[in-house]
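Form predicted on its own, single chain, as structure tokens, below.
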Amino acid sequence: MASALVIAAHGSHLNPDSSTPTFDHADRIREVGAFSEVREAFWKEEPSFREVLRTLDAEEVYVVPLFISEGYFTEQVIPRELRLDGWTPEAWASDGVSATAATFRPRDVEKQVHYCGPVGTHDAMSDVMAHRADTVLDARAGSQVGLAVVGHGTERNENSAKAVQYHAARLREQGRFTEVKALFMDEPPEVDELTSHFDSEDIVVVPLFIADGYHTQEDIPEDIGLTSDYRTGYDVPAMVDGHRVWYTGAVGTDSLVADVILERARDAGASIPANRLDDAHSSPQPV
């Protein structure tokens, strides 16, 4: 049976770059031919979550939210707009970072929908973050490099911090970096105190965001001391309080995120041969 993939993302009416990673990842997945149809769908742009299932011919659909954490959009907005009959967040049986997939029938179209957990909590995202750090580090970095995983953080959704802490813990266990810390914009430990959290001379900062926007392009560079005014630009690395600070921009723009989307779908039962993932992985990587 032919199957379709829907990549569900937030989008933006204000930031034209918000949807760029979604379209880029969808294009890469189309290239490897893992699905008969691949569609992007958005909350703030077109095509919308509400209409996307009607645009598909396939009767079996895998929906992968291109979001960092479980929460309001993955547990309420997307299932509601897709009209998944019988959906409750308990279907994932998640502790906030362990959602996998659950299968439902929409109320108004004859399709079977495998609704997946968000991309941002998949284990493979830890590897994407390490890769993202490697794309900016060069020969100037010593052998002792600390990694700051930066999230937004919010009191409204405790799972937002859980995703950042989860990947920081996994990267710490891997031992690739001398130190790994989870830092936040809106809750402690705060990113604007970056250098106080590290002993390492070199610190690489990876924001766990899906797309580049004012947080990653304006707020964080100023918060971590790369510049006092983002409009004047900044160097990477830059010396901040005696540390060399490297900065990557949003992890969600990394081309390897397409692999994670495929992994989410395969974990939900999609028939994706291993070499399909290898093909996607071997595509040229951005620097």
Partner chain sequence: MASSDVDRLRAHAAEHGIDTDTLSLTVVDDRYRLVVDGTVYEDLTEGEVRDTLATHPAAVREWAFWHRRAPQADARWAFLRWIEDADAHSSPSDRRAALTEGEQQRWGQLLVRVRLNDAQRRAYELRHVDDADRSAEQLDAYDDPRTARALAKYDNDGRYRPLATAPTLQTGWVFAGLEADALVQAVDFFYPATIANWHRERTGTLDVTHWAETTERQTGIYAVTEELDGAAVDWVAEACCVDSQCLKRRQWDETADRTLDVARGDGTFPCREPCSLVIAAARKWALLEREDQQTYTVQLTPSEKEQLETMLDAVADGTTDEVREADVGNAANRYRARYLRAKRAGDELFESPEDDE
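Predicted, not measured: the structure shown is a model, and the values here were computed from it. Numbering follows the first chain given and starts at 1.
Keep in mind that the form predicted together with its partner chain is not shown, yet the notes after this line are about it.
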Using the partner position in the predicted bound form, report whether residue 254 sits within 4.5 Å of its partner chain, counting heavy atoms only.
no
Does at least one non-hydrogen atom of residue 51 fall within 4.5 angstroms of its partner chain in the predicted bound form?
yes
Partner proximity in the predicted bound form: residue 59 to its partner chain, non-hydrogen atom cutoff 4.5 Å
no
Although the partner isn't part of this model, could you tell me whether residue 27 comes within 4.5 Å of its partner chain in the predicted bound form, counting any heavy atom of the residue?
yes
Quick one: from 235, 46, 241, 229, grab the residue that has a heavy atom within 4.5 Å of its partner chain in the predicted bound form.
46
May I ask you to choose, among 197, 83, 172, 131, the residue with a heavy atom within 4.5 Å of its partner chain in the predicted bound form?
83
Just one of 201 to 209, 95 to 103, 75 to 83, 172 to 180 has heavy atoms within 4.5 Å of its partner chain in the predicted bound form; which?
75 to 83
Using a 4.5 Å cut-off on heavy atoms, which residues of 4 to 23 contact its partner chain in the predicted bound form?
12, 13, 14, 15, 16, 17, 19, 23
